[in-house]
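Given next, in structure tokens, is a single chain: the form predicted alone.
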Amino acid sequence: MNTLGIYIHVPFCVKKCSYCDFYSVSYEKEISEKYVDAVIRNLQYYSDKKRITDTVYFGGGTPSLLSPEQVKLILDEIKNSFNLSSDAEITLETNPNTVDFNKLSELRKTGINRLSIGVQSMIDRELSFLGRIHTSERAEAVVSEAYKAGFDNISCDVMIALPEQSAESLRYTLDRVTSMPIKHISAYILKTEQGTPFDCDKIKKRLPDDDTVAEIYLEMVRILESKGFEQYEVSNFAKKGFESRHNCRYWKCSDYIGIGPSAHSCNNGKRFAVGRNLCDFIESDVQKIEITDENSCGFEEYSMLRLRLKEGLDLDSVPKHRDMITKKIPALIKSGYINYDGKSVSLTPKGFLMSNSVIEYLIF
């Protein structure tokens, strides 16, 4: 069925993390109220009751800086303007230092039913290096508070390949995180994004080399799967049935509408993006967009996204390219990069490490 997802980009942060290149500005209450008004105007503009909306995702930035009342206003408008499914997955990204038990309880009452908590590490010196404003103790406490507040679908973000990180220190973080009442883990390799404070030789020289990154990544996969978190995408692991339904929309080329400065959309065969300017977003009756792809999800894009998923690419879905792909399969199997069952091609953990190169070889 042709369903729809909604992404809300909340562009506020208490402090910008040194590694982050997502669009955000300092939080101000008055500006946040104008922002919420603009979000509501845009939800009304994109109103679509013909398709069932089954995922909503508040990303950022730091969406948990919004008050529960502001979150409720946005969700109420989504219910008014869209055909929101009764079992929709509704996620809010959360910084541990921006919520407490009372706020989490109020957020649960608004309809948020999934939290994505930015833990990143359970080692305080690593958190300090990353510029995070919370401690490992606070991260652990907020997961417990969220569970007590009624959230039984909690995800934690973890970062790997940090300076001086070893397999042992990674295991320490993963052991602590997986002992919490969570269902999902997103684990990202630290990269120095252009234009961020980490984009400098001083930081780059401290990061582990490629061989160490590979060792850490493969150890992470082994640890998480041994604890019941199955890898279903390059960077994502979940207990069975708790895969992120919204993020899977991206990898399966399903439609979603993005609201807010820097938000991206894929809808009705086109991709479009909003400019990275909060003032423009607030002052415009309707957010200004730029079409980035007039014909989205062609063979290359569809195949590339599907191969990010552990289930891989069903070759019956790309019949015109099947022969071209199957000729390249034996060499990749021999190298240990892919699995092939005669119908679908999927990447192994080793293949995920080299995903860009493996995917490029397969489909270009």
Partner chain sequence: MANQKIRNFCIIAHIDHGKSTLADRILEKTETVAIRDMEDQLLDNMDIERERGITIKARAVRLKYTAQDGEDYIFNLIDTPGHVDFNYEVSRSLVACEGAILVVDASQGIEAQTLANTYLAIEHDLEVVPVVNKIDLPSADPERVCSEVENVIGIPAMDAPKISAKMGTNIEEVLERIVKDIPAPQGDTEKPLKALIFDSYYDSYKGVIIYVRIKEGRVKVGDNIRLMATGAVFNVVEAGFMDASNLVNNGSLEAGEVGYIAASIKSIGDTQVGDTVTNNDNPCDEALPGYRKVNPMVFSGIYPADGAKYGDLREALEKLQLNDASLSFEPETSVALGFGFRCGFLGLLHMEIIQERLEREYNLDLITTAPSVIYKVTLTSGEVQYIDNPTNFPDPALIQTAEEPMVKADILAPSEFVGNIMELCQDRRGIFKDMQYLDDTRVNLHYELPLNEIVYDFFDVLKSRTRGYASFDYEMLGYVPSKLVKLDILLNGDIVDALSFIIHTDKAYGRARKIAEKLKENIPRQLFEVPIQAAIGGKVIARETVKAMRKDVLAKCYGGDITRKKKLLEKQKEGKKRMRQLGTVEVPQEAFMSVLKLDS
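Numbering follows the first chain given and starts at 1. Because the structure is a prediction, the values reported are computed rather than measured.
Here the subject shifts to the form predicted in complex with its partner chain, a form of this protein not shown in this document.
Student: Exactly one residue in E77, E243, E93, E89 has a non-hydrogen atom within 4.5 Å of its partner chain in the predicted bound form; which is it?
Tutor: Contact check passes for E93.
Student: Could you spot which one of I31, I52, M324, L305 gets a heavy atom to within 4.5 Å of its partner chain in the predicted bound form?
Tutor: In short, L305.
Student: Out of 281-289, 130-138, 214-222, 162-170, where are the residues with a heavy atom within 4.5 Å of its partner chain in the predicted bound form?
Tutor: Going through the listed ranges, the match is 214-222.
Student: Is there a non-hydrogen atom of C13 within 4.5 angstroms of a non-hydrogen atom of its partner chain in the predicted bound form?
Tutor: No - in the predicted bound form, heavy atoms of C13 and its partner chain never come within 4.5 Å of each other.
Student: State yes or no: in the predicted bound form, is some non-hydrogen atom of N247 no more than 4.5 angstroms from a non-hydrogen atom of its partner chain?
Tutor: Because a heavy atom of N247 falls inside 4.5 Å of its partner chain in the predicted bound form, the answer is yes.
Student: So in the predicted bound form, does any heavy atom of D201 sit within 4.5 Å of its partner chain?
Tutor: The answer is no: D201 has no heavy atom within 4.5 Å of its partner chain.
Student: State yes or no: in the predicted bound form, is some non-hydrogen atom of Y27 no more than 4.5 angstroms from a non-hydrogen atom of its partner chain?
Tutor: It does not: once its partner chain is placed as it appears in the predicted bound form, Y27 has no heavy atom within 4.5 Å of it.
Student: When you measure heavy atoms, are H264, Y337 and S357 every one within 4.5 angstroms of its partner chain in the predicted bound form?
Tutor: Looking in the predicted bound form, the three residues H264, Y337 and S357 all sit within 4.5 Å of its partner chain (heavy atoms).
Student: Who in 174-202 is close to its partner chain in the predicted bound form, meaning a heavy atom within 4.5 Å?
Tutor: Y188, I189, K191, E193 sit within 4.5 Å of the partner.
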